[in-house]
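First comes one chain, alone, set out as structure tokens in the form predicted alone.
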Amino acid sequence: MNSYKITTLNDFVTLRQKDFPYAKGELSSLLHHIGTAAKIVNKKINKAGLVDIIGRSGEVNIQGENQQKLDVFADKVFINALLASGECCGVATEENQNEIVFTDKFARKGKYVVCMDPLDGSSNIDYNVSVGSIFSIYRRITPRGEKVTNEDFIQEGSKQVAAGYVIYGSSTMLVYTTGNGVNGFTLDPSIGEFCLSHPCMRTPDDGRIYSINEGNYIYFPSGIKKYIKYCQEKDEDTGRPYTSRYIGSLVSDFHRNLLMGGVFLYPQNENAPEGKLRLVYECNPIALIAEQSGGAASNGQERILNIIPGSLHQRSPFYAGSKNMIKKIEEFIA
């Protein structure tokens, strides 16, 4: 009897539909379309050095950041895929100032809105460094059939029905949660399917890696400076000094620490007094994955998922990873 059994993303999501009696298959369809869009983006990234797709687009996004050509491409691919699903009534992304409201008669009946960063760490593309996509799914607040409004997109993270990320690296992985654990799927290019490779992912309670841009050390608040020194001190009982690993892509740094144990830090600083990462479509989805894998996520003072956003592009200090390391960071900040 052949014991080698492949479980594709679509098969897995369909099997888990019973976890969501209110969804009746719509959530499964939405995740399927996100996976399809990720395959298209992955193919373009793999050819980035061969076609005119790397480098800046010449445009600036709402954050005041130079858009990369792949940012624009990924944004369009995911928006089109979500519109085609018929289950999504609107999308909010990093690249657009306001939410995108789908007016198609089928889309307006959709139960869900999606918030996402279509291509996290895109400036690394030119240097062949791993990048990712981050997504967050909420049930709409406005009545079905009506146009969605801003309030549908600025819900607290604890109300997410699903969240995940795709990491485009030496292999391409899609990691997601629907509030019942975290599962990872690796893209098999030979069959063009995401296949279950990391079931029931758990992050260790403690780790030995801290991920932060230490080049900004002089701008950090005192509590974070003290924590960095704590990480660098020798202590055989706690396994210190810890190892510093920082890629500069939230998805890449978080993914490594999720598997190995560690913590990602992006504090506020003199140049970014509110922090740099966006609460709605970066911090919230990563925070849900962190918690569902046994870790934690905080702004240094409170749980990320409890924060009620005031605006679509609101920024926040962000600390995510092994729960004991997050607790220690909060102690130093306090």
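If you're wondering where the values come from, they're calculated on a predicted model, not measured in any experiment. Note that residue numbering follows the sequence shown and begins at 1.
The same protein has a further form, the form predicted together with a small molecule, not shown here; the description that follows concerns it.
Enquirer: Wondering, does Tyr242 line up within 4.5 Å of the small molecule in the predicted complex on heavy atoms?
Expert: It does not: once the small molecule is placed as it appears in the predicted complex, Tyr242 has no heavy atom within 4.5 Å of it.
Enquirer: Is His33 close enough to touch the small molecule in the predicted complex, meaning at least one heavy atom pair within 4.5 Å?
Expert: His33 lies outside the contact set for the small molecule.
Enquirer: Verify the contact flag for Gly248: yes if a non-hydrogen atom of it lies within 4.5 Å of a non-hydrogen atom of the small molecule in the predicted complex, no if not.
Expert: Flag for Gly248 set to yes.
Enquirer: Going by a heavy atom distance of 4.5 Å, is Leu288 a contact of the small molecule in the predicted complex?
Expert: No.
Enquirer: Taking the partner as it appears in the predicted complex, which of 290-298, 25-33, 270-278, 38-46 has residues with heavy atoms within 4.5 Å of the small molecule?
Expert: Checking each option against the 4.5 Å cut-off leaves 270-278.
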